[in-house]
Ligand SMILES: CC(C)(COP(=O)(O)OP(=O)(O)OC[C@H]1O[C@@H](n2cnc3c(N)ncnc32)[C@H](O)[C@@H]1OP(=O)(O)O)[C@@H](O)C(=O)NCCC(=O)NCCS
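In the form predicted on its own, a lone chain appears below as structure tokens.
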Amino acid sequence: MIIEIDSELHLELLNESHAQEIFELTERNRSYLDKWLPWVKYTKSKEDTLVFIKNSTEQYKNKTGMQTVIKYENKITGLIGLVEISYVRYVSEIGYWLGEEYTGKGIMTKSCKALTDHTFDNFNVKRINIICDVNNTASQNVPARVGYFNQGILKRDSYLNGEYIDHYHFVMRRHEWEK
């Protein structure tokens, strides 16, 4: 599955052939990503990346999640996906990351918009959530630019690098997206 965004940018369903390139991108951006993402410290080899890919493939088969690589100029620049799809609550959550060298180009904003379209078109959900660290302005700008609503702060929502952190909770509802 490929979601075309423009002539230079598309999303591609995550598969095992992406493992080496994703691991290399993670390695190059380890100190940048570690500030925001708890999984970085546990990704120490290509095999760790393959475990993530296998788990993501299983989620996709079960229709409980979906991960895609972001390809810009035919290079993997990051990932964006549906961390969870809950058909009981009719809700999904988008998670994403981008290599530092690819920030500031509009890649993530376009990718988030495309994945939001794809999610509402292909999954029976009424709401999509995006959770961003209150200190990560770049991450917060993505849902804000796409038109998501900031619902407020989730206090002490997660534990990262030895401390509790707060998250902004952004939301888009199907009926608001379709307007």
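None of these values were measured; they are calculated from a predicted model. We number the residues from 1 along the sequence you see.
Another form, the form predicted together with this ligand, is not on view; read the next lines as being about it.
In the model of the complex, every residue of the candidate spot (98, 110 and 139) has a heavy atom lying within 4.5 Å of this ligand. Note on the interface: of 35-43, 150-158, 56-64, 117-125, the segment with non-hydrogen atoms within 4.5 angstroms of this ligand in the model of the complex is 35-43. Of the candidates 131, 134, 144, 51, 131 is the one whose heavy atoms come within 4.5 Å of this ligand in the model of the complex; the others do not. When contacts are judged by a 4.5 Å heavy atom cut-off, residue 75 does not count as touching this ligand in the model of the complex.
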